[in-house]
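In structure tokens, one chain follows: the form predicted on its own.
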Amino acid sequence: MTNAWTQGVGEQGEQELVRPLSTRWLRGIFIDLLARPPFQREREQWAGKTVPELIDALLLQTEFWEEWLQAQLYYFLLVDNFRPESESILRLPGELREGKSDIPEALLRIALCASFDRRNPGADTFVTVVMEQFLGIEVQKNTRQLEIGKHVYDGGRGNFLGVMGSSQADVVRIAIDDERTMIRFVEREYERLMSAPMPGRAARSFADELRQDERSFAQILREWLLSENYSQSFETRTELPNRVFARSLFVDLFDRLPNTEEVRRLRSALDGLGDPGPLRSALVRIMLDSGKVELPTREEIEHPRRWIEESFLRYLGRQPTAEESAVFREAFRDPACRPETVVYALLTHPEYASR
């Protein structure tokens, strides 16, 4: 699909995309699609490859769909004690990857799972959340539909959103089938990946495309990620969600992902703060002082300037400026400055906490 807001990336943009991946793009695409930076082996694997090659490969991975599902659960606040554990939800990533399920079916299962019901108990809360989060309807301006939905939820027969229903499950199915749900879905997914609202009326066009082929979501994502709009998103920095920040620390420092309990503890602690910055810095210090981070000793670093440049590329996705290089090299001349000191400075830099 093409429209006014994305006609490809333009001649100059196309040349950029077919050039070897920059470290910034490699790190950014991994964070956007897998909610983590690349592992060491992946940095080596993708050196010299292109943006389209990387996007095509990641969209085929089950891990992408696992992270997509996590983003949906987070959107609906189905985390911690409300995290779904049913087989119906757990098998969704594999089914989506294999084309055995689609976006409407995935949203339907989420809204019908026991965790969603526990998270939104009672007719008023449940129907309000369905109307607002699925359809993007302001309940205050649609109180009549809310009352009908509550009646249907309680087992009464009613015309909810123009369709007859008589159960809680009918409330969900009617909402998922409503065209506004796919429009809202497209809008929020675009904003989640592009860190900007979808321009113009493009959401309806993409929603129509998704309804015509409910398994076309990966192709739509590919179009977005190869668009000029996505290229422009790399010109500004967007703060990482706490969960992604926690996962990034584990990958960058330990070259592994945190387990479910580790990421839950860190995310919960960070989410509970108005300003998570100080705690993020404290977490970096604790991890660096754990003795489990594999860094070279001062004696093993034969060329400090080169090592500092490599560290900037690894953690910030860019080369240091001339001024930064000079400051870091001067600091490293002090025998008291350890490699951990340099890494701490980079991981507590505002750029690290952003994409």
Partner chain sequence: MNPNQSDRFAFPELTRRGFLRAGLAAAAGTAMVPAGFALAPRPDRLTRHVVLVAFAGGVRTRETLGMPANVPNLAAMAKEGVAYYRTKTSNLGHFGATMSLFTGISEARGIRENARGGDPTLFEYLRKDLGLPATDVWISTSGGAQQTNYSHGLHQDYGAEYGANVLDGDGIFNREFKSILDSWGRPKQMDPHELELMHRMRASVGGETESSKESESRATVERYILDELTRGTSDVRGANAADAKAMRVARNLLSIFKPKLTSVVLQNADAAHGSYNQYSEIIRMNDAAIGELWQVIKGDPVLAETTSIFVLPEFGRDSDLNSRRGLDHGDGSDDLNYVSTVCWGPDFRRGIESNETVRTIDVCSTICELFGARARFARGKRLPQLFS
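Residue numbers count along the first chain shown, from 1. Since we're looking at a predicted model, the values are computed, not measured.
Although it is not shown, the form predicted in complex with the partner chain is what the next lines describe.
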May I ask whether T128, L273 and A331 all come within 4.5 angstroms of the partner chain in the predicted bound form, judged by heavy atoms?
yes
Within 4.5 Å of the partner chain in the predicted bound form, counting heavy atoms only, one of 224-232, 281-289, 185-193, 156-164 shows up; tell me which.
281-289
Counting any non-hydrogen atom inside 4.5 Å, which residue from F217, F206, F134, F250 sits next to the partner chain in the predicted bound form?
F250
Checked G99, G200, P197, P121 for heavy atoms within 4.5 Å of the partner chain in the predicted bound form; positive is P121
Contact with the partner chain in the predicted bound form for Y315, defined as at least one heavy atom pair within 4.5 Å: yes or no?
no
Evaluate R24 for contact with the partner chain in the predicted bound form, applying a 4.5 angstroms cut-off between non-hydrogen atoms, and reply yes or no.
no
Just to confirm, A71 within 4.5 Å of the partner chain in the predicted bound form by heavy atoms?
no
Indicate whether P104 is a 4.5 Å heavy atom neighbour of the partner chain in the predicted bound form.
no
Members of 63-92 lying within 4.5 angstroms of the partner chain, judged by heavy atom, in the predicted bound form
Y74, Y75, F76, L77
